[in-house]
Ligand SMILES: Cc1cc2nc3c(=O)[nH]c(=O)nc-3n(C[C@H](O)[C@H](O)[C@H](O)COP(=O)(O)OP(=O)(O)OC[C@H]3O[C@@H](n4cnc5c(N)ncnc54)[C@H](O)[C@@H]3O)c2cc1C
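Just one chain follows, in the form predicted on its own, and it is written as structure tokens.
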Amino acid sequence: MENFDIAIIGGGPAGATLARLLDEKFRVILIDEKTDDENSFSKCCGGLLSPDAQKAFAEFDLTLPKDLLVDPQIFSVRTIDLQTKFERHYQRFYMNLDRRKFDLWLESLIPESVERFYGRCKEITQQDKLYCLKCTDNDGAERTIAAKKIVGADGANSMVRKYLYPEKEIRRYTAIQQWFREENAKPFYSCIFDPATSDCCSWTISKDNVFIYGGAFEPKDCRMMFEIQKQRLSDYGFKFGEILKTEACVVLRPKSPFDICTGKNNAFLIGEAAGLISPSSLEGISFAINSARILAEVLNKNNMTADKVYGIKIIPMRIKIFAKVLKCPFMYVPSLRKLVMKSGLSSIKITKRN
């Protein structure tokens, strides 16, 4: 059994950011399945970097390499209510990027002092003041790791959250996404509301001559609802070419700021593992990066009450989640959404050539 000061489970934006920011005085290990092998990683994500996430990178004085970006860069989102057949366009400042390359770039910033373990944590137990992690690497070999502190950066299905809060459940959806050869005449982003198939949102994104369609659905009959909605979009005029690949994952959608779990007893949660994800847009990268930054600041100060201090410093993010919860009815209650869209508030007019 090898001993570490901190073990981070999960190497996405949250885990990679924390590993990069922790002081080198700590012996740190990062446990993640992802490698640079193209087949080792598939994140069911549209790959759009929101303004909040861009701001987080600006605060680190980080710039994105241009090879992370893909074509096209689009400045509006086409919002469609399939129930009323009503459309509006809203200006947005997302960056369209390759999500796999983005995650690998974040990992490339981690200092060499952080040990990497390419595999999965299978079991968490506690012995005295140490956490024991039973892990299996990508080749099937087992390894046991002991750490004074553990951090769950392992997303919606977080093992650390289940270990700490076995009875606490956050509302879950199944996100399904398919990639198609582009057959639409013009690339576009869209946000789709279809209460007949889901009480959450769906999306389409054009990316390097590929058309991506995805959505979040209740777990029961999720694939059937996905296919029904896809047919409704096809009838609406969307063109779906040859299917290149299909992805799926669990996504959390908090109902209140009290759904957020920050951890206890020297075990911490960051990013979506903590429930930090927008319930209105399902955007999680900005929350992942900012929660990792806050935890790194707390741990680097060797605070004896790190659990409590981290929980207090997360309060502004809880408030932000609460604001998103308040926004949800205006997006997801059909009657309120209809009023907002008909008002034209904040929408832009699209000028088309004859």
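Computed from a predicted model, the values in this text were never measured in an experiment. When you see a residue number, it is the position in the sequence shown, counting from 1.
Below: the form predicted together with this ligand, not depicted.
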Option from 181-189, 228-236, 161-169, 266-274 whose residues, in the model of the complex, bring a heavy atom within 4.5 Å of this ligand | 266-274
Does at least one non-hydrogen atom of Cys249 fall within 4.5 angstroms of this ligand in the model of the complex?
-> yes
Gly311: touches this ligand in the model of the complex, heavy atom cutoff 4.5 angstroms | no
Distance check, Ile31 to this ligand in the model of the complex, heavy atom within 4.5 Å = yes
4.5 angstroms heavy atom contact with this ligand in the model of the complex for Thr204 = no
Among the candidate residues Leu48, Met317, Ala296, Leu68, which is the single one with a non-hydrogen atom no more than 4.5 Å from this ligand in the model of the complex?
-> Leu48
Within 4.5 Å of this ligand in the model of the complex, all of Ala7, Ile150 and Ile260 (non-hydrogen atom) = no
Note that this ligand is not shown here; using its position in the model of the complex, name the residues of 4-32 with a heavy atom within 4.5 Å of it, in sequence order.
-> Ile9, Gly10, Gly11, Gly12, Pro13, Ala14, Gly15, Ile31, Asp32
